[in-house]
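What follows is a single chain, given as structure tokens, in the form predicted on its own.
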Amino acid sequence: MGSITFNHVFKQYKGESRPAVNDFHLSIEEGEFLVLVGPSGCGKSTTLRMLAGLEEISDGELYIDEKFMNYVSPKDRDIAMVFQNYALYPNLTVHENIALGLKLRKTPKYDIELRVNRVAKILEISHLLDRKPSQLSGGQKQRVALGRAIAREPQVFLMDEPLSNLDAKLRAQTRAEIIKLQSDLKRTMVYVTHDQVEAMTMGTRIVVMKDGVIQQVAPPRQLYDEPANLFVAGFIGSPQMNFVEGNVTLEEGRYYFSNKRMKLLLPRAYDAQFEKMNRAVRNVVLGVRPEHVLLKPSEESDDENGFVASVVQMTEVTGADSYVYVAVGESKLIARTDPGISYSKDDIPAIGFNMKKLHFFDENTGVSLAGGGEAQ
């Protein structure tokens, strides 16, 4: 129980020129941890609210366990929702907050006590049951909100930016707790966040959205390694993927990427991507992750093997890694390097790429020339 199907769902608010959610078409399997991610205004929270029944669907169909849900009241959808602001009743104790939904459903008193105590034990808040929300920290309030949802034992959990009010340490800790919780409960969970790190560490599958439209649906690793377009490539990953504009040309049976400052002989593995394109000169955007940008001493600069001179603009040391920001002509790139090797502003290292880890995107459409994930 707990499968969900969005069948070409739209949401258009009155007075708006374009849909907030545009042709959302997706099936979510029972027990799946699905994450909706994207920038503010991309439609992810609106999608979640339509699933919860808090927003009307303008067009399309929604099914939960193969039952048509468009006009079903939120209380009859067998779902529980955890909000960003916790939504606890300040005049009730923790015990009363967790039990409230069960009381409204006229659950027997003995069963309520059993569920509240079990949930409190799971979330390690048994010692807080007699306190009011004003006596709790942010992390404790979030656990109570989770406990209230779990106590209802729904088929589907919905979470809308539940960790955004927590500090970084507590956010990481609670993130791990939610992952374990979903694994133990084996219930369907749909989680909304704008934080791509949360998305990558939590979801079994991720939906990346922009302007109300699904950009790509894929497991985290595939999303990182095979982005469907420039938006996904730039949004997923921290720091984001580097982009360099240029042309791909065919010379004596071999493909080259070039612009004013570099000319790269591309491995044969990329031939199939460019053979699909009919133009003699192909305008593309080359993408490469910071960990696949290579730096070495300037005297080793070697244009024929793909290494060209660059200029260091700044360096960020994070502890385990260093991020070196360099310029190659008008192109700005970030290289992830060993923190034991230091670079200073205005140093002139040679820069190159791991040639097996390049991505190419059509300059006009932004679409990956290699495909990737379940591109929509």
Ligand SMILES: Nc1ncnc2c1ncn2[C@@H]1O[C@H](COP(=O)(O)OP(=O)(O)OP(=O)(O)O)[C@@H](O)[C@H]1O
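When you see a residue number, it is the position in the sequence shown, counting from 1. The structure presented is a predicted model; accordingly, all values stated were derived computationally and were not measured.
Unshown form predicted in complex with the ligand; subsequent notes refer to it.
Asks: Just one of C42, V324, I28, I64 has a heavy atom within 4.5 angstroms of the ligand in the predicted complex, so which one?
Replies: Of the listed residues, the single hit is C42.
Asks: Quick one: of E291, E96, E161, E226, which gets a non-hydrogen atom within 4.5 angstroms of the ligand in the predicted complex?
Replies: Exactly one listed residue reaches within 4.5 Å, namely E161.
Asks: Counting only heavy atoms and a 4.5 Å cutoff, which of 64 to 72, 332 to 340, 345 to 353, 33 to 41 contacts the ligand in the predicted complex?
Replies: Of the options given, it is 33 to 41.
Asks: According to a 4.5 angstroms non-hydrogen atom cut-off, is E363 in contact with the ligand in the predicted complex?
Replies: E363 lies outside the contact set for the ligand.
Asks: Can you tell me which residues in 6 to 26 come within 4.5 angstroms of the ligand in the predicted complex, by heavy atoms?
Replies: The stretch 6 to 26, when checked against the ligand in the predicted complex, contributes Y13, E16, A20 at the 4.5 Å heavy-atom cut-off.
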